[in-house]
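Below you will find one chain, with nothing else, as structure tokens; this is the form predicted alone, and questions on how it binds or moves follow later.
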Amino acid sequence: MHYVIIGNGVAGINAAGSVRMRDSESKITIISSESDHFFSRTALMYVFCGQMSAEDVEPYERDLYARTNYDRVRGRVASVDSGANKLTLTSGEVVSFDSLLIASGSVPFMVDYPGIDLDGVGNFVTWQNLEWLTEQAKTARKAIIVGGGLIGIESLEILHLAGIKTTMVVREDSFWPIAFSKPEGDMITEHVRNHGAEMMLATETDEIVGENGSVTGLKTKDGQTLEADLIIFAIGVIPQTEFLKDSGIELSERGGIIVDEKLATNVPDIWAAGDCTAVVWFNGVRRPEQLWYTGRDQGKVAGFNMLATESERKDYKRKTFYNSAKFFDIEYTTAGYVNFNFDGERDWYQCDSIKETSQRITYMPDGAVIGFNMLGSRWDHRPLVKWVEEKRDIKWVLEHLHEACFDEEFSPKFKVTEPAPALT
């Protein structure tokens, strides 16, 4: 058997490990145009800042591929011929397979603004983006981040710390409304401004301007021209599946690979996992889950199923959502279902504007807690997820909320100051 995996990220490498654990002899080929070694994408900002080296962000030793007998191919896939069980690289090389996993990840979403191709305009998602930005930052004086969210705030922070005057341009009237309520977004906005960076809300990009092939600024739809010699677009990512056109593999409207509960595509012996994969969510919507741990879990399931019999194959079961991040030095933990706008959902909320902390708990009319949004303190997501899955009552959760807080040893103990809501 020859197992071929497109993608060297968290989904691909976990799938390869899952295959190798059950099959020590078959050939496993991993194809990647991005990197020789699997690395933690969420740590790119620390490499940029010089706090970590390339090897520091690689979870496995560099001899992993030799020890596990993986055949590593550096190259980009141009097309997949699903009928003939082969794929072609942009170099012209043809690779045949018996079983194929597509774990090609995602690429930055870009809007075709005038001037988008000018030198000095780019993204901060891939290893190549990191190398590009490292060079750009050596001479940049003013930078603009277009878009908010996690990639945007990370880009803003590292450029600001590099001494580059940086402005974030956000089209919404509050920061990251898909994740934050307005008070939460306003807290982050104020925090960013207090650190000396700028965030412009309710501001839409109109075009990128430049001279002699290089960017010089950005025009907004309200007529402003913002000076910049570096622009980072952070307006989301999309599945990297353009090479599957005419492959016979079914894609969603947004380009995600459609899979069943086993992560199998519509073509026999072809599977998909990770950011490129459109799975069915708890609410019936089909779209990718673009998180590190969901990519890991999907990779393990897909890898197992690639060599399992039909009766042995496992379902991929989406777990309760959780995530964590930092906005400059404000900690962020979320768990469960926040901002999904379920009928009747309500929020319990408390905030300490001086300490820049807030806690928001979403619950249903019967009191069952469905989600948490926690800013400014350190929280253990595991009890939060457990309480959602146990459908704990909001009053019970407030009585036990301190059990999930693990701030530093000498920090003041967390307290609930807002009263428990009256249920109707």
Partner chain sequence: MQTGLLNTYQKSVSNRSYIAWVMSGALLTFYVLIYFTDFFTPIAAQLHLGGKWGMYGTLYTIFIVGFGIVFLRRHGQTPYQRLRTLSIMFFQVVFAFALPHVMEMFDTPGYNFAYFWPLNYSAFYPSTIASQPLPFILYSMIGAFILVPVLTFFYGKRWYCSWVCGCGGLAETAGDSFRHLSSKTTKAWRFERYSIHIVLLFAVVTTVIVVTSFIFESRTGDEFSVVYPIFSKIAGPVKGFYGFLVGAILSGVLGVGLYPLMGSRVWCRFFCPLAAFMGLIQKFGRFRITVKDEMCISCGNCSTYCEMGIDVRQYAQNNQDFKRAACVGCGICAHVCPRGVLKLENKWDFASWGDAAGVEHVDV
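Residue numbers count along the first chain shown, from 1. All values reported here derive from a predicted model rather than from experimental measurement.
This next part talks about the form predicted together with the partner chain, which is not shown.
Peer 1: May I ask whether M45, S53 and Y293 each come within 4.5 Å of the partner chain in the model of the complex, counting any non-hydrogen atom?
Peer 2: Yes: each residue has a heavy atom within 4.5 Å of the partner.
Peer 1: Taking 4.5 Å between heavy atoms as the contact cutoff, choose which of K27, R378, K395, K386 touches the partner chain in the model of the complex.
Peer 2: Selected option: R378.
Peer 1: Could you spot which one of E58, E390, E399, D36 gets a heavy atom to within 4.5 Å of the partner chain in the model of the complex?
Peer 2: Comparing distances to the partner chain in the model of the complex, the residue within 4.5 Å is E58.
Peer 1: Quick one: is K355 in contact with the partner chain in the model of the complex, heavy atoms, 4.5 Å cut-off?
Peer 2: Heavy-atom contact with the partner chain at 4.5 Å: absent for K355.
Peer 1: How about I158: is it within 4.5 Å of the partner chain in the model of the complex, going by heavy atoms?
Peer 2: Looking in the model of the complex, residue contacts with the partner chain include I158, since a heavy atom lies within 4.5 Å.
Peer 1: Can you work out whether A325 and the partner chain are in contact in the model of the complex, taking contact to mean some heavy atom pair no more than 4.5 Å apart?
Peer 2: Yes - in the model of the complex, heavy atoms of A325 and the partner chain come within 4.5 Å of each other.
Peer 1: At the 4.5 Å heavy atom threshold, is R76 in contact with the partner chain in the model of the complex?
Peer 2: No - in the model of the complex, heavy atoms of R76 and the partner chain never come within 4.5 Å of each other.
Peer 1: Heavy atoms within 4.5 Å of the partner chain in the model of the complex: which stretch among 104-112, 78-86, 328-336, 275-283?
Peer 2: Of the options, only 328-336 has residues within 4.5 Å of the partner.
Peer 1: Where, within 4-22, is there a heavy atom within 4.5 Å of the partner chain in the model of the complex? Residue list please.
Peer 2: The stretch 4-22, when checked against the partner chain in the model of the complex, contributes I13, N14, G17 at the 4.5 Å heavy-atom cut-off.
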